[in-house]
Ligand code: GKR
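Next up: a single chain in structure tokens, the form predicted on its own.
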């Protein structure tokens, strides 16, 4: 079996004006869809971060992929996982760069897409789901809802402007309304709130309001993306001791491993054992020794995209178990291909001890590119389909619409700062820490 064709499709999907410490989401999120076709008639697919740079990076491995055996090519591309195209540093921190725009993990993201598409081919060739190739540990994967502060609007522009399903949510009351709506529609049993946007006291009240609404048996998390000082992080952690103490966590309240370690020491001194999670301070295997040494992060958030693929996530799971660390999964704006890849790798990672994040409720059926429409959640979980490979196929009509949408929209990379300046404050800049 040989790969005879590599196709990269750059698509745009409507994205609501969601807020984070990075700034404001643009009206469109960008994704790349990778297709690999073999001489035996199999097609493997994957979804990656989007934009011109990611598309070019995927195209750059054409010579190494086309003509190769899908059973072997992913090992030959292994050096991409550790590659540093800048030649300056091995640091792959997401502290200052939004996911998908970090040059240090470009190779890992490319490798992940090729690996996913190859596993899709191999699964189809042998008639088995991808998670069975890796070693299935569970049949369904629980996901956590991802409520955000947001401005009014449903995403899209011009004739493609979308309805606003959730409305403006910039207060504790409206975030509670948003969460209740998501829970009713998808059945989520845990919730991660994106903070780092308003004054910390307002975000504390938002978490307390969610706790009052959902009750003590629903795990809650908050992620301010490094927007707080060590002192503010400790103060918030103490204030939310009860709300985050039942299966929840405090994610990346402040920047870098040293800062996280200082927060951990301050919380323990105050008698608060709320675990700290990270997908910013710890983003590669090289971060783990120092993090463990300083007890900076107790839960690592994996992501098969920028950790370098599904097998890397499995390796991370074994390492986390060895050092007594918990494990969850990070998310970015995505479509159904990415969701199914996330579900398969989660199903094959026994130590994934917390429900995975997902942005999927923020995407819309009009943009979905998998045949049959949007992936269904049952009680907040995605069930692994009894189909070979990832279990989904491309809807080529929908794919063509996504490609056309990308060609028409002006966005070619994610830039949350530009959107903040355009719509909220012309002088806005990301300052860390802000509070």
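Numbering follows the first chain given and starts at 1. Computed from a predicted structure; not experimentally measured.
The following text describes the form predicted in complex with D-glucarate, which does not appear among the structures shown.
Participant: Give a yes or no on whether every one of 223, 330 and 357 sits within 4.5 angstroms of D-glucarate in the predicted complex by heavy atom.
Facilitator: Yes, all three are in contact.
Participant: I need to confirm a contact call. Of 264, 150, 194, 109, which residue comes within 4.5 Å of D-glucarate in the predicted complex, counting heavy atoms only?
Facilitator: Answer to the contact question: 194.
Participant: Only one of 203, 251, 105, 115 comes within 4.5 Å of D-glucarate in the predicted complex by heavy atoms, so just point that one out.
Facilitator: It is 251.
Participant: Any chance residue 146 has a heavy atom within 4.5 Å of D-glucarate in the predicted complex?
Facilitator: So residue 146 counts as contacting D-glucarate.
Participant: Answer for residue 233 alone: is it within 4.5 Å of D-glucarate in the predicted complex, judged on heavy atom distances?
Facilitator: Contact with D-glucarate, no.
Participant: With a cut-off of 4.5 Å between heavy atoms, is residue 326 one of the residues that contacts D-glucarate in the predicted complex?
Facilitator: No, residue 326 is distant from the partner.
Participant: Quick check on residue 279: any heavy atom within 4.5 Å of D-glucarate in the predicted complex?
Facilitator: So residue 279 counts as contacting D-glucarate.
Participant: Look at the stretches 393 to 401, 22 to 30, 66 to 74, 371 to 379 and give the one with heavy atoms within 4.5 Å of D-glucarate in the predicted complex.
Facilitator: Contact criterion met by 22 to 30 only.
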